[in-house]
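As a starting point, one isolated chain is supplied in structure tokens, in the form predicted alone.
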């Protein structure tokens, strides 16, 4: 009789593992929040960049006026004289989230300002994103890979660049919504639960509310569903994971005002509907196969496939008709620029002019994801051992995100979670192999002794039995015993063979120790790089700049100095013209009406400002005067070496303006195809408004007019302004503000006395007083 097996304490070990996992996740969340506070510690609690200032202004209005006034808010301080309907043109997820958080804190008697809540929203949601990454990776490859991926995402520089304290942009909450949607999709796919399918549609709705990148989700998931169908991995769980998402998710997405009927009318969503039809045809085929005989099934499949092809053909015909009626084939400009990287530079220069829409360089990959770039291939290989529905989705996610990040540097943010997931899987599998090897090598000697002793005792017993039976049995009985003995030995060798097969996967002890040491060293290098990126590269707010020299740290606070001057020295109704980059900041910090801003929804309006900046002084004055502009703001970095100034952006003003007004031609501003501002610059360049407003009195700074950004002396040093007057220049000459002079001809006309009223009226009627069109 075999002795009873002693129960192993698996329950206690499992409970201890869960508690340890929760503790590690809490530490990861605290670390993800803390590493993003360098901007507050080194500088101050301030909103960063340009777009976050608009979001902050909208959140202020939401907390003061309420949700209903927010939906109906018409902002007359932007895009003068057109204005903007805020509720119907903004993704409300970020502002509603921060506004709700502010109200909850105030209801708990925690009196934080709206600005403070906005500053710390991104670090809070970065912790949530790390936890969501753990859940997603756990569904793919287990808890160990999930913890590793969560730790990697908590400090990956690509995500830190968009989630530092003060980076109050849509991506602050959108990345969490993206990962959560993917997790709930995989959870539904693994369990087949309608509960998780409903939660998945709700997470998708939150993603639609937060960011326009939701189209990545609604195209990636159909691609995975189609991949599963083509590879023969269809199951009812796949249907439950996809069908409710398309139906409920599309209905919820249509409730967002900025999306509306685009959820069913644009080409970005057509793939989901086509796959929706395909999965229903496949589900019907599998259902019929289960209830019919093979002969009847062939007939039914022929009928179903025929009807399905007719329906798909009709749907495709309708989609083709809708797409053909659109000049952009139903795609948005940004989507077309992703599918065709050269599209924006050819047809929509306003999109190509944005720096974050440019393709990344190879060093940017090492900067933003660092060593993860080398671990991703290993993670992809691990996903195929074995391949499951969840791991195939992870592979598809990393492949598509790599492509899109190669087209647009902004989408490195989408690549970061995929790279962390793959790297977490690779590191987890590697540590599993190496630690198991060390364990077997250290414990192998005692186990071998036990196995050898047991083998020797069994052999001695068998030999004794054979010796006693030799004297009694015949030759035939010996052969039967030998056959039985061989069967017994073969059955006893099975566990030994399986153990040998396991030991074949075990690496030598020295190799395992060296590999573990190298992996720890690689992780330490990754942590050091991420902390450096968070502290130095991505913590500085663009509104406040710093530089180090031999005499210490220098702070350039020119932007806030200029906006403060506008707020205190101009009238409330004055209009300020500048390039669109500074529109959001001017409206939020100076509280003045702007002509264009960072929304860039009206290309003609932006081209008008670009044409004015590219025109001579008199023509530019006519354009600005027709728009009721009182002040013109330009950013100039030639004195301190600030490279992101308007002179470096000027060619984009020319291209955008020339795209609408053909008399503006880019070759007129180039000398032999080169952009120059020195003595070799073209007369058109030296006489345009942007050149004059940037370099007016610049020669007085050093006597030479040396531009530290372009590393050359300017071509036109001494000139006067006729129609503009300088009213303010910041301490470091980074922001310069000019005021339009009054029309002297009208004032002079009032002092002159006409000889006779009759003659003046007849002459005025005869001339018609035609006003020259300022755009031609």
Partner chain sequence: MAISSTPTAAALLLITILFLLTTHGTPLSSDTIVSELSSLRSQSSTGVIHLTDSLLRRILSLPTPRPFHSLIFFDAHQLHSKPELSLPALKSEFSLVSSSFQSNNPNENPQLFFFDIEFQESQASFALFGVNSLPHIRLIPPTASDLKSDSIQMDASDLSRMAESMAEFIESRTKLSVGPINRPPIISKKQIMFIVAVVLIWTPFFVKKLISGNTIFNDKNIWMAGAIFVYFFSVSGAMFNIIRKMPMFMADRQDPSKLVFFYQGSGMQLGAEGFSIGFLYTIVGLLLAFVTHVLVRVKNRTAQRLVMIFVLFVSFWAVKKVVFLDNWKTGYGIHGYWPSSWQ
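This is a predicted model, so every value here is computed, not measured. In this text, rigid core is short for the largest set of C-alphas that superpose within 1.5 Å between two forms. Numbering follows the first chain given and starts at 1.
Another form exists, predicted in complex with the partner chain; not displayed. Remarks below refer to it.
> So, 227, 429 and 535: all three within 4.5 Å of the partner chain in the predicted complex by heavy atoms, or not?
All three within 4.5 Å in the predicted complex.
> Looking at 651, 263, 402, 639 here, can you tell me which has any non-hydrogen atom within 4.5 angstroms of the partner chain in the predicted complex?
Going through each option in turn, the one that passes is 402.
> Name the single residue among 257, 83, 406, 643 that comes within 4.5 Å of the partner chain in the predicted complex, judging by heavy atoms.
Filtering the options by heavy-atom distance leaves 406.
> Would residue 313 sit within 4.5 Å of the partner chain in the predicted complex, counting heavy atoms only?
Because no heavy atom of residue 313 falls inside 4.5 Å of the partner chain in the predicted complex, the answer is no.
> Taking heavy atoms only, is residue 385 within 4.5 angstroms of the partner chain in the predicted complex?
Yes, residue 385 sits close enough to the partner chain in the predicted complex that at least one of its heavy atoms falls within 4.5 Å.
> Could you confirm whether residue 360 comes within 4.5 Å of the partner chain in the predicted complex, counting heavy atoms only?
Yes - in the predicted complex, heavy atoms of residue 360 and the partner chain come within 4.5 Å of each other.
> Find out whether any non-hydrogen atom of residue 655 is located within 4.5 angstroms of the partner chain in the predicted complex, and reply yes or no.
Flag for residue 655 set to no.
> Using a 4.5 Å heavy atom cut-off, which stretch among 507-515, 146-154, 212-220, 68-76 contacts the partner chain in the predicted complex?
Careful reading of the contacts points to 507-515.
> Would you tell me if residue 655 moves between the shown form and the other one by 2 Å or more at its C-alpha, with the rigid core held superposed?
Yes; that C-alpha moves by at least 2 Å between the shown form and the other one.
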